[in-house]
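For reference, the chain that follows is the form predicted alone, supplied as structure tokens.
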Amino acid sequence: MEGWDPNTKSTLTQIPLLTTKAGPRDGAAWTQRLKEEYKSLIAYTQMNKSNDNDWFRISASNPEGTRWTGKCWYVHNLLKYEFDLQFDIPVTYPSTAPELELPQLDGKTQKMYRGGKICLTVHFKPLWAKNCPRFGIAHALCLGLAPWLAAEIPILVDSGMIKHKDDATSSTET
């Protein structure tokens, strides 16, 4: 964690680490891992809300906990830009990090793969591998998606690649 800003360190130390090394094919151990994932996500969400930094909603969209969907948003120039968020838990989880997808942004930035999967290879994947199995979904959001949004959304807005929903509505009405 050397070289990280104090705010990132503080946030990361408050997200509970996970202990169960289990993936979707591991039966009861996966159920235990999912409980830990939910505890970690709840703690991260509560921390964000208490710091007035609420920026996502996410939940498992199937009973097995292998498909997750929700929304994330980023405020730029006092305007809120909201995006669909989705990902699947890989069968090799937690050794392999989930690939976070923002389908609405597919093809709008170079830092994205097919289907709107955000690029996390250079900075995040080595960190995930080093901290397996202690990192979970909340850590992927905190250290993967949050910095990606902070780096990419201002550029996409300023270049005109994405428009605020109010701008898009007013331009279609004229």
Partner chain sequence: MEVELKEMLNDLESLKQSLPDPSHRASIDKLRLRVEQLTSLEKSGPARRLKVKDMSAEVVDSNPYSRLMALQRMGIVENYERIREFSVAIVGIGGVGSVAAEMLTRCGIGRLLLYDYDKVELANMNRLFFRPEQVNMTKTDAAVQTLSDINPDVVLESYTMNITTVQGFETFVSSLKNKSFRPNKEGSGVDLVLSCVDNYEARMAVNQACNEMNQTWMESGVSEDAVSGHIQLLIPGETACFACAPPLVVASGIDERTLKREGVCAASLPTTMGVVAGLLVQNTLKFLLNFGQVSPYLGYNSLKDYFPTMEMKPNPQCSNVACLERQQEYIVAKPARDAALKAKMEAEALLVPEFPLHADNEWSISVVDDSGLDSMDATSSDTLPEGLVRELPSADKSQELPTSEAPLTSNDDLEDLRRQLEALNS
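Just so you know, these numbers come straight off a predicted model, no measurement behind them. Positions refer to the first chain, counted from 1.
Heads up, the form predicted together with its partner chain isn't pictured, but that's what we're talking about next.
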Does Pro154 reach its partner chain in the predicted bound form, with heavy atoms at most 4.5 Å apart?
no
Using a 4.5 Å heavy atom cut-off, state whether Ala29 contacts its partner chain in the predicted bound form.
no
Flag Gln104 as yes or no: does it have a non-hydrogen atom within 4.5 angstroms of any non-hydrogen atom of its partner chain in the predicted bound form?
no
With the partner left out of view, is Arg25 within 4.5 angstroms of its partner chain in the predicted bound form by any non-hydrogen atom?
yes
In the predicted bound form, residues of 112-140 near its partner chain [heavy atom within 4.5 Å]:
Met112, Tyr113, Arg114, Lys117, Cys119, Val122, Lys125, Pro126, Leu127, Ala129, Lys130, Asn131, Cys132, Arg134, Phe135
